[in-house]
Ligand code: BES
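Next up is one chain by itself, shown in structure tokens, the form predicted alone.
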């Protein structure tokens, strides 16, 4: 992983290959952001004018490279756009700094060391820059035959790299390495980025290598490494235990399902969070086969489980004063002679029967079993995370996830927390009248209902499996979990690790007693 240091050195004197500065725009044109003073001096106060001549506008995420002035140790200056300059005494928003640092780190692939001279007013700014840069430096190279930094999941040997390696070292100028707040901010950013990148790696791993069994094995390995408790229910245990949702979805595949419980406990914790993740390692749609063009990225249908797994490990690494239990509902949804059919009735773990009318509405079935099992432990709150519905993508787009809950205050808190973490979200309702459309003539309910509001209806279905009196929320990350377009900010192409930062921030607030 990219190394991170804090430095009190000047941008003019620190030895680095590149120095990164921020530029913004105001009514007069391009302006330099705080932190660029020493670099500007090397250009005799004319850096902004030079950048404008080169076509820089200060737009958010815009990157402009130019040779460094004679007064700098670095050979290259990289100017990254911050968007509109803050008015008066206002400061740059942390998310603006995060994205700018990420854009710069992506542009510096193949560089050994970069000094980031972006605006740093306090430890929070340092945290945002560190987090953005570390996330922006992410690459997934495990399956490239020329990769020099990773073995393939199939056990292939390392080879010399034939592409650009990620930025090797980041030095944040203006950081105070001996200040406790700054040091803690940097360490948290390193841990958080490592765990988001763990989720990204899982999501990007192809389904022929990431099966329910191998996913469970990775959870067990992490539990051993970080002192967590892991329990894995295989297909025999699931069948014996009556987990009809998991068994029904997984019965068409040669790779049988798993339910993983991975738990972090703190000896002084007063609250317990249960996190439940949808882990469909590949979703063909089953007998209700997805149409052409919709199968190619379905390795990402386990993004919810990846986020939950990473968040539990992050909580442990950060030593948060809260108990966090993760439930990974893992299955592969495939068509075969043994596959679940439209019209089949499943008996779920809580005893309710579900008529399956669409085998491609499978995520809610595995989540239902896991939600019931998580409820048995009576946590203070449950949050499930899933790439659940295309309807949520249609409603909120590709960068925003939806939040539904059985408690309005909890839903509002999660919305605030996600925005604080830098992950856009939007509160969504769960209209009670939608429940009627899931009435079945042969079972307790159907797994689908009316088409209108189908993203909301999925939440209404899940609520049926949450224990009485337990606060619960559902995050539908179908939009932001997998990015298919060009990278932006600190967001790469492919798996994004969506919801990891929100879940960790939720755990931190819970540990601090901010959620009641």
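Not measured: the values here are computed from a predicted model. Numbering follows the first chain given and starts at 1.
Here the subject shifts to the form predicted in complex with this ligand, a form of this protein not shown in this document.
Stretch 278 to 286 is the answer when you ask which of 212 to 220, 411 to 419, 278 to 286, 336 to 344 has residues with heavy atoms within 4.5 Å of this ligand in the predicted bound form.
Put simply, of 448, 56, 456, 33 only one has a heavy atom within 4.5 Å of this ligand in the predicted bound form, and it is 448. Proximity to this ligand in the predicted bound form, taken as a non-hydrogen atom within 4.5 angstroms, holds for one residue of 437, 295, 358, 141, which is 358.
Residue contact with this ligand in the predicted bound form: residue 478 places a heavy atom within 4.5 Å of it.
Although the partner is absent here, residue 110 sits far enough away that none of its heavy atoms falls within 4.5 Å of this ligand in the predicted bound form.
Using a 4.5 angstroms threshold between heavy atoms, residue 399 stays clear of this ligand in the predicted bound form. Taking the partner from elsewhere, residue 78 is found to have every heavy atom lying beyond 4.5 Å of this ligand in the predicted bound form.
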